Structure formats: C-alpha cells, structure tokens
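Single chain ahead, by itself, as structure tokens, in the form predicted on its own.
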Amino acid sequence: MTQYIGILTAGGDSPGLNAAIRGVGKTGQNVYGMQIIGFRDGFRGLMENRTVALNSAALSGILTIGGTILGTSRDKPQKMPIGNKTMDMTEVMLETYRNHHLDVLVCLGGGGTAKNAYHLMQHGLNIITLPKTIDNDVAMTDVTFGFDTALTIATEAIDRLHSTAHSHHRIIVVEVMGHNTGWLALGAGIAGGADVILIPEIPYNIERVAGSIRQRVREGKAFSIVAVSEGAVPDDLRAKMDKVLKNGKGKKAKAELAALEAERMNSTQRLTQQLEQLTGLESRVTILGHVQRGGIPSAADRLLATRLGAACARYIHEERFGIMVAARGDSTEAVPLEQVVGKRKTVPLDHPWIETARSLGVSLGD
C-alpha cells in the first residue's frame, strides 16, 4: 500500500534543510512509491493546513539552495500564538494529520523541534525527526547538518579579520553563534588560528584572558584574535547565576535570573571593553550573527542531509517510528526519540578539540 508522508521544518533555518527534504522525497518516491506533502512554516502550517505537494518538480533544483523551501517558525503545538492569545492547538494538528491520511510526520529541526515532535508523538502521531542545527548540540548524533557550513563561514570570517588585527595591532573579538554550546566557536577558533577561544562550557576569567594577550605582546605579537561563543560567560557572572539557580525560588529568583541572563547577552561588548583597558591595545568586536546560517550549504552538509533523508525514507518503509535519524560515522542509526528530548550535546572538557587548543597555546580563559 502507498505510504503518505508529511514533512515540516521548524526552528531556525539551517543550511542543508532542502537537501534533507530532497533526500526524503526522492528516495521515498523513486524507491518506495510514497506520496509526500510539505507543511509550510513549521507546526503553524500543520495547524493551518497549509501544504505543498513535494513531487518530482518541487524537489528539482533545491539541493544547493539555502534556507528551507517550506519556510519555518518557532511556534509550538501546545503554545500557539493565535491573535493576542496563546492556545493549545494539538488537537487541530492531529485532525490535519488524519485528514491527509498520513502514515508519518517527518520533522526537521533541533532540540526544540524534537520536543514539539515528541509532544505530538505522545498524542498518537507517528513521528520521525532529522537533526538540524548550526550549533551541533542535538544529543545522540555524531553531527547535525548545518554545522559544517556555519563552521566554514565562521572560519573564513576569522581568516579575513586577521589582516585587520595584524595591520592595526588590535585585539579583534569575533562573536560566533552558540548560546549554550561552544562547538562552533571552538572549531572555527582552532581552524582560524584564534589566540583566545571562549565557550559556554568553560567560564572565563577576564584577568587570565588579558594576561595571555599581554604575554603575546611581550613575545612581539602585537595583535590577538579572540573567538567567543555568544553564550560564553565570565566566571563571576556564572557564579551568580549558579547561586540563584541553587538557592532562589519564586518570582524574585526568576527576575534575578532574567537580569543576569540579560547581562550575559551583553558580555561580548563588555569583554571587548575590558580587554582594551587591561592590555592597552585597541579592541574591536565583530558579531557574525545570522550570516553563519545563510547561503549555499557546503558539500559535507549536502551529503550528510541527503543520506539522513534517504535513510529516513527507508525507516518509514520499515515502519520504524518514534525515532530520530542519527548520523553514525558513514552510516545512520534509528535513536528512540525519548532518548533525545530534553538533552543537549555540549563540548566535553576532555574533548580532543579542547586538548588540541591547549596544546597550541590557545587561552580558553580558565
């Protein structure tokens, strides 16, 4: 019997999404004779029943296109903004699923998408997810598609900033995406030859960072590149946050934590100012922002997303639902979704990239 497949993309856009859609669609059609539709703008499109037929013509020519042809949103099934209210639209989505006679809903996204997909799974839907995010922080997979492209973009930016830092004898602070994990800043920092790399997993001491830069000056190196994750935090601020989390309760604690989080979001600007004061070197900050998520996906991301998509179609044919299609070396693995939800893959403190950075003399701020 023909299997009917629904696909949506949710959360932030990421290079490789269209390659994954194409991988699911072409394999499903060519090998298994599946019928496939896409829902526009994530879970909101599922709620509003806004669809597009993902036939051969729709899948043609999308491999190299950035973003997602389906559109995306961060809306949650159980907390959907409707006018000036927030409503639980889970039952509406279940009805849409049933009306299209779907055998499975494929959700492409990161940790938040996995949570939302798992919510629908608990309400009876057959679900499969594919791990997408430039942060590379989805649990239980070797790597996520989108990471390699973002890593390349961030590395190229650091490469280009070297010439300005060297010419003007400056400190250049480069803020890289990564609110909770440091994979992107760490990888780009090593690949781009940064002198200091600051990541959320290792709270930094500003005096030690400045000390490492002053030591470079004594060695005749009158410039420095600092690669910093947007979520990197100084050790004193981390101590305050941990104290509130441990001892605080109620509205007051919530307000204190929100204030500390706001301070954390501005920490890169403060870091740049402090380094100028402590080292005497002119310091400038460059925030890469969303440029890291845009443009043509790299060959590695196209390959990864395509093979995960093709494997997804195979798992659907085998009726293996309630899973995430994880990358395992050159192969894939069907990981139960409950093992993924609520977890985040952070950089282990003994990771080879950490050891490599330290062996090169890179300061990690600790």
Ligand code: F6P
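Only a predicted model underlies this, so the values are computations on that prediction, with no experimental measurement involved. Numbering starts at 1 and follows the sequence shown.
A second form of this protein, the form predicted in complex with the named molecule, is not displayed here; the remarks below concern that form.
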{"property": "Contact at H168, D195 and R284 by the named molecule in the predicted complex, all three, heavy atom at most 4.5 Å", "result": "no"}
{"property": "Heavy atom within 4.5 Å of the named molecule in the predicted complex - the one residue of K240, H119, R216, R293 that qualifies", "result": "R293"}
{"property": "Answer option from T113, T133, S224, T149, heavy atom within 4.5 Å of the named molecule in the predicted complex", "result": "T133"}
{"property": "In the predicted complex, segment of 99-107, 177-185, 265-273, 232-240 with a heavy atom within 4.5 Å of the named molecule", "result": "177-185"}
{"property": "Touches the named molecule in the predicted complex: H123 (any heavy atom, 4.5 Å)", "result": "no"}
{"property": "Contact label in the predicted complex: R74 to the named molecule, heavy atom within 4.5 Å", "result": "yes"}
